[in-house]
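Only one chain is shown below, in structure tokens, and it's the form predicted alone.
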């Protein structure tokens, strides 16, 4: 999926106004995305990538004056593929954590919201370390939620999945007692669907800075400061000119940029 700036002159005007350098002729910026994390990213039947992350990526590319190409990548390999130069940046709801900072550099956040458990309505599940002991909880592998469960809920039976969609499938079929994920992703991608009508959030917001980090940012290879700062300038501009709000309101009822964990 590609999107092109309409004219190099428009990019030059943008550079003067914002300090963002325009792309060189023929230069392409490749963006790594997941495509299996609705409403942030998903794939339509015809293969078209959709979602909040996708729209944000394309809006940032426009502001940066870049020709962009989306590159779909499974979550498990999303950082290794960046390091291997399969793409130039990751826009995939990746939380800014100290552990990940050892491998990649991050932009400023482009949203931040808490994690929550989901279980069957009326389950009476006690979302505490003691209450979850022996319970089976589904988590997408390699995420901040796996980190959180391993550190805070060591006596829970943790079941790992390749995608969040697989977690929800097993929860709906009763193969796990609960799951933990982004609250917005759980609400829009599961609870507000037919499959999730008999489920609900249990417990409050779940947060541990060591695992959940500072919000979702865009990852680039270490040392690529010019690209990182170009993204930062573009993030600020879409916040300032209403572009971010238009995209946000397409998917969510509140401004998720400012949503902070409640812990």
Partner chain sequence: MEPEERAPSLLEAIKDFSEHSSPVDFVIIAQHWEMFLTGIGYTLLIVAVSLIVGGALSLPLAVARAYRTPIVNQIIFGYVYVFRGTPLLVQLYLVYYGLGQFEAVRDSIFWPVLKDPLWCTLLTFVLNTAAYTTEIFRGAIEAIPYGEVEAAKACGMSSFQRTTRIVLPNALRRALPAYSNEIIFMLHGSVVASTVTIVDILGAGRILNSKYYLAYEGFLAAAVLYMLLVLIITRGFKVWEKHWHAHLRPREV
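Fair warning: this is a prediction, and the values are worked out from it, not measured in the lab. Residue numbers count along the first chain shown, from 1.
As for the form predicted together with the partner chain, it is not shown, yet the points below apply to it.
Undergrad: Is every one of 126, 130 and 196 within 4.5 Å of the partner chain in the predicted bound form, counting heavy atoms?
TA: Zero of three within 4.5 Å in the predicted bound form.
Undergrad: Taking 4.5 Å between heavy atoms as the contact cutoff, choose which of 169, 152, 191, 120 touches the partner chain in the predicted bound form.
TA: For this set of options, the contacting one is 169.
Undergrad: Contact with the partner chain in the predicted bound form for residue 175, defined as at least one heavy atom pair within 4.5 Å: yes or no?
TA: The answer is yes: residue 175 has a heavy atom within 4.5 Å of the partner chain.
Undergrad: Any chance residue 108 has a heavy atom within 4.5 Å of the partner chain in the predicted bound form?
TA: No, no contact at 4.5 Å.
Undergrad: Answer for residue 72 alone: is it within 4.5 Å of the partner chain in the predicted bound form, judged on heavy atom distances?
TA: Residue 72: no, not in contact with the partner chain in the predicted bound form.
Undergrad: Answer for residue 80 alone: is it within 4.5 Å of the partner chain in the predicted bound form, judged on heavy atom distances?
TA: The answer is yes: residue 80 has a heavy atom within 4.5 Å of the partner chain.
Undergrad: Please name which of the stretches 178-186, 85-93, 136-144, 109-117 has residues with heavy atoms lying within 4.5 Å of the partner chain in the predicted bound form.
TA: That would be stretch 136-144.
Undergrad: Taking the partner chain in the predicted bound form, which residues along 152-167 bring a heavy atom to within 4.5 Å of it?
TA: The stretch 152-167, when checked against the partner chain in the predicted bound form, contributes 159, 160, 161, 166 at the 4.5 Å heavy-atom cut-off.
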